[in-house]
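Shown here is one chain on its own, the form predicted alone, set out as structure tokens.
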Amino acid sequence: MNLGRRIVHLWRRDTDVEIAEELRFHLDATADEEVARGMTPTAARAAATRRFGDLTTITHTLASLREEGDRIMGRKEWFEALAQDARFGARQLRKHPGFSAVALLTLALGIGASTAIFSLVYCVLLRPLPYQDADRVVSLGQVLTSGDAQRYVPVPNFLAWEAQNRTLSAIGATDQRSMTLTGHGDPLRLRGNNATSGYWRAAYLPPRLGRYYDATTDHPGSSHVVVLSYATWQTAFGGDTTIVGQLIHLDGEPYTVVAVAPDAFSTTTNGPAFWTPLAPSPDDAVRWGDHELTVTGRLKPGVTPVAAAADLGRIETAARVAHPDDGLTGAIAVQPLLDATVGVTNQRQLLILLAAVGLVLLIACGNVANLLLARAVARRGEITVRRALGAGRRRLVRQLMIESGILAAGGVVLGVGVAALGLRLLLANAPAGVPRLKDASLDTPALLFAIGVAALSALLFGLMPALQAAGRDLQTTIRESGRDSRGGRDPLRRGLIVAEIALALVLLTGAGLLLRSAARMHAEPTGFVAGNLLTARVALPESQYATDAAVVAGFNQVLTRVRAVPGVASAAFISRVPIGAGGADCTVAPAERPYESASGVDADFRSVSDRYFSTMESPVLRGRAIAAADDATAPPVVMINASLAAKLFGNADPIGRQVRHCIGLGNGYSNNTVRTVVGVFADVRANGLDQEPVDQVFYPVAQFYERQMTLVVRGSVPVTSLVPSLRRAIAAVDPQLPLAAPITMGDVIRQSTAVSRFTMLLLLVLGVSGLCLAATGIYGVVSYQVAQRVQEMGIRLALGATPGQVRGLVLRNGFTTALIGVAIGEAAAVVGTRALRGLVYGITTRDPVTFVSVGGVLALTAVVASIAPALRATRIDPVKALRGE
């Protein structure tokens, strides 16, 4: 039995004895009264006992009441002592404003940064989607032979899943569609979705107005109805509450507005502007291999994603038997819609940032702990006196931890302010491609996180100094009072600095790798000149341009008008601009090979107008470019890029050779027409600056077109100033044609790397913050050591040491500490930067240039931080130092 239990036991026994004595007193008194009335002592005793009842129960009841009272008194005394310690701690912090300010600002930086990043992570990764029973909403895709998930699904596969599944209560599909809204001011090009009625049942959120369309629209030829997004309702219709039931015109055709989706329905910044019914035609139902639908499902209650994948895999395996050449395994990938919406890359980058701010917080805690350790030395006399007067170690530790708690509380108050400012800056510079990022805020989970981080920080930076200060032997403390027995060599403080340097090195190495990666990425040739180049979309609706000839004539008229605009040096059309997302691949092969055994190459294909290559300043390596003469009546021609030419024809000249494209596909792209190669162009980074060039085939617009084309304009004047003139030129062709999304090519490139640049910038800011904190820590430790070694320095100078030797001694001390931290940090960075795999371009995560450079920067920082203390050491007066002044 330990001492505490013995004390409790003794106290409880005393209480029991006291109660028994009191009961005995009252029992005796009652018996005496009965004797006085004439009863015998025995009868009086029995009568008194009967009047009192069960003495055992009375004793236990009284004991319980006494214990409860004592507990109340104990808690009261504990809270009074706590308040007393808190007041004392607050006075101590007020007496040292410099120390308090530095500690509070350091904590505010760490807590604020971690809270701001947590707000982003919580909003994007952790907050449930707004749909009803969101955990049951899943994204469905097919599994490729490579093991990756193919998110886009052919129509026949979706129809089979919809009809035969046993595990989904609803399943819906969407595909993208752009349409022009007219009749409400200037024509407005909107990007929306076609969606089956099952989509609304799968990802359900009650509409803001009206009712979603139902299964009666899932058949070709159904009525034209539309659901507007909240943003479109607000911007295009001014939030008209009578919009439901009204007719609007999309691509020149009337659509009835049946509902307005709530604001929360779109989980991305640029979500769909509208939804129209998706009704697959009989031709669509047999177009195997054309992956175009995004499929969403709702699991039945109690069904897991694994069970749903097995159920749909059963259906898919049967379908794949008839179509074994599509590169699919017959398996189905089922994942929560939240994961599919955010994407693996975005999840990784946010988690990397959260880990990075965690490192900054640890560095901040290390710095504050160092400050507390130094302050504990200064308070050694006070603590010695308190211990000599009877204060226990537990009480002293509690007192010091309360002071740490006060610092943490102040840090969380300031940190919330830092987090609010930081979050505002982050959202102002955040890339548009991260879903739900725009909704991040300092809400309740973020504030609870800040409080939790503050409590953990107080434990991290406060416990160790408190235990060290209160744990020293009293005699030793008294004997060493007024001097430092270690001569300034405090291994604990140096250890903290080593840890700070190592953590800062990991942060800076990660930022350095992304910086090097970005530099390599931008140094790669793009295959065109992006300067002073404008892109914009132009779409010709089927209602006004019904025939092929009308579409080609419409695009030619637009080009003629645009090229005549003063300041336009050149202009052309392409179906999809380079660097931008999206695309389609088809197999291309030399025409001389037998059709059945053609071993072709999958190639990205696009259609371009004449003057495209001169407008883009993209080199044509062989042959000629697409010309105006390559119209619908001319022989079919194509251009291919250099890498595709090498794969198809080796070293032979491809000019004049014939190819087949989109071989075997039963869709609208297939024609199996033999086409003549008329030119070879330089490889272009078609799918992004961080993507290697792909094999490409270019058609003339007049021989293969899409209704929405991208206009590229190179200006002889600043190209952004041409936008109003371009709008007027296109309106002169057709007042209902909008010039949609005009943007410079430079901005297209910047947007394509926005997420990686955002991550790199934040890592760089966090790394520099960690470096500054580590430098401050080095300065503080070296300064402290110089102050504690004044006598030693004085003796050295008195014995003939030169100022240079003293400076070298101090600098070596700081440099050695830094080298140890760098060595540990390099080893940690080798492991930690593995998380950046897949995010770097042109280098590995063990890039020696980055590791050596960052290590050198930190070592140099240590030297710079040690210079001031070293100079101060050379100014020590030996006489005063020896006298102890």
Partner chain sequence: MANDSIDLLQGSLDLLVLKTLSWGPMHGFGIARWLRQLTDDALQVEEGSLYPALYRMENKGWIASEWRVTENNRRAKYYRLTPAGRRHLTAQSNQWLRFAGLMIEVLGMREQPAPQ
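Positions refer to the first chain, counted from 1. In this text, rigid core is short for the largest set of C-alphas that superpose within 1.5 Å between two forms. Model, not experiment: these values are computed from the prediction.
As for the form predicted together with its partner chain, it is not shown, yet the points below apply to it.
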property: 4.5 Å heavy atom contact, Asp877 and its partner chain in the predicted complex; result: no
property: Interface membership of Ser853, its partner chain in the predicted complex, 4.5 Å heavy atom rule; result: no
property: is_contact(Ala870, its partner chain) in the predicted complex, heavy atom dist at most 4.5 Å; result: no
property: 4.5 Å heavy atom contact, Val863 and its partner chain in the predicted complex; result: no
property: Per-stretch contact check against its partner chain in the predicted complex, the hit in 28-36, 827-835, 814-822, 853-861 (non-hydrogen atom, 4.5 angstroms); result: 28-36
property: Those residues of 499-519 which, in the predicted complex, come within 4.5 Å of its partner chain by heavy atom; result: none
property: Yes/no, Thr816 Cα shift of 2 Å or more between the shown form and the other one with rigid core fixed; result: no
property: Residue shift check between the shown form and the other one, rigid core fit, Glu34 Cα at least 2 Å; result: yes
property: Cα displacement of Leu62 between the shown form and the other one reaching 2 Å, rigid core superposed; result: yes
